[in-house]
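First, one chain by itself in structure tokens, the form predicted on its own.
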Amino acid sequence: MTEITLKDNHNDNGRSILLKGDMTIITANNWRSKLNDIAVSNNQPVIINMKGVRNFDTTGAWLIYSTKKRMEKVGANVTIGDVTEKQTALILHVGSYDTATEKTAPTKNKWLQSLATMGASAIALFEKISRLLEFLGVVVLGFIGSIRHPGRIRWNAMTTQFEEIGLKALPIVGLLSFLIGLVLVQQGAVELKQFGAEVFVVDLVGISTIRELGVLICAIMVAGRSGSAFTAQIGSMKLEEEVDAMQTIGLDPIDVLIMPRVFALFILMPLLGFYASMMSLAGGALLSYIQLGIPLDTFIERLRDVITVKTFLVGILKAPVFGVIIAVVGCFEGMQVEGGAQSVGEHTTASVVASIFLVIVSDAFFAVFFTAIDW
């Protein structure tokens, strides 16, 4: 290690700091600690004597420059003594780069940034779909296990869900379905009157309601009403650590929380879908009589001609699938809640959006499938 020496002498003329040794990048740390320990006062004359400095590079020049600058900020009168021309030139050269520069944020390529955002969103979506499929597999195994061992089914919890999902939903489902029937007749009558084919409005209402709209509109309402409730209920239980408590005492949350809701919607969706279709037909029959003068017996007779068993089955067979989708998504989002109350709201919103999206996608799939098999 190269030996360095710093002598700090005080006298009446001021303060003399004698440096001896190499001032290079190798000895920079030792010099820095010694120079930083020197404290000066305001108006104090200070001479930095470089007579004993042998090897000198840009690191040494920066040490001298920064030390002089620090002392002058305090108010000391600093001079550098016994310095060679080369050393002076190097100190001045280093000091010329001591200028303030504004920090500017690096410019980002908007296209790359958009692509990165899309990629991150795609990865997050893929991970969520993976977790949803994993959860679906657990639910399917629980469903099969409950069918094989009916003793695992919690009938009291399921009965409660029947009341919450089915009985209490009848007013809103019936009202909206009734209004859908009115709207279908009103819009259809405007066009069919131009051709004197008002009676065909019965075909429009009957087929569209029983085959598609009755079950679909019912599923959307159930997703918004019951699916969101599933997420909020289970999410609140997760925040209060009730789900963890169940597992601690040996209860499976799938059997206790998930399966009663899945079974309830699996059973109730066909019933609610049928009820919604009938209420829609009732609304259509009422407006057909008021606006078009079609008697009720004529309306029913026309329905018998256009509605077949296949038409009825197309609507009813989709209902249990919609029910399972809504229940699984609602419970899945509830089990993902963590953190705080804000998480409950976020996952409740995600539950409704995902449920409705998947219901409509599956309905489109069923439409293509039943058309392909000529149903």
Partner chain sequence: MADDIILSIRGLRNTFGDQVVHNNLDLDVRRGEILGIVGGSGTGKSVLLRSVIGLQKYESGTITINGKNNQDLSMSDAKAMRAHWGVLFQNGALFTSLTVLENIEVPIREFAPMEPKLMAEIASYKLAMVGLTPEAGYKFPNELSGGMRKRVGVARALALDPEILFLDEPTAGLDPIAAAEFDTLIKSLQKTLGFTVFLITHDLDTLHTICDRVAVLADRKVLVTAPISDLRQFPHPWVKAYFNGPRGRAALDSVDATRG
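Only the largest set of C-alpha atoms that superpose within 1.5 Å between the two forms is called the rigid core. Positions refer to the first chain, counted from 1. Computed from a predicted model, the values in this text were never measured in an experiment.
The same protein also exists as the form predicted together with its partner chain; that form is not shown, yet it is the one meant from here on.
For the chain shown alone, K51 is not a contact residue for its partner chain in the predicted bound form, no non-hydrogen atom being within 4.5 angstroms. In the predicted bound form, its partner chain sits beyond 4.5 Å of every heavy atom of I64. Its partner chain is not drawn, but in the predicted bound form it has no heavy atom within 4.5 Å of I307. Contact annotation: F195 falls outside 4.5 Å of its partner chain in the predicted bound form, judged by heavy atom distances. Contact with its partner chain in the predicted bound form, judged as any non-hydrogen atom within 4.5 angstroms, is confined among 312-320, 326-334, 42-50, 340-348 to 340-348. Put simply, of A189, L90, A169, L271 only one has a heavy atom within 4.5 Å of its partner chain in the predicted bound form, and it is L90. A heavy atom within 4.5 Å of its partner chain in the predicted bound form is found for one listed residue only; from L292, I217, V94, L286, this is V94. Heavy atoms of every residue among N29, T58 and T99 are located within 4.5 Å of its partner chain in the predicted bound form. After superposition on the rigid core, the Cα atom of K69 is displaced by 2 Å or more between this form and the one not shown.
Here D57 counts as shifted, since its C-alpha moves by at least 2 Å between this form and the one not shown after the core is aligned. Put the two forms on the same core and the Cα of T27 is off by 2 Å or more between this form and the one not shown.
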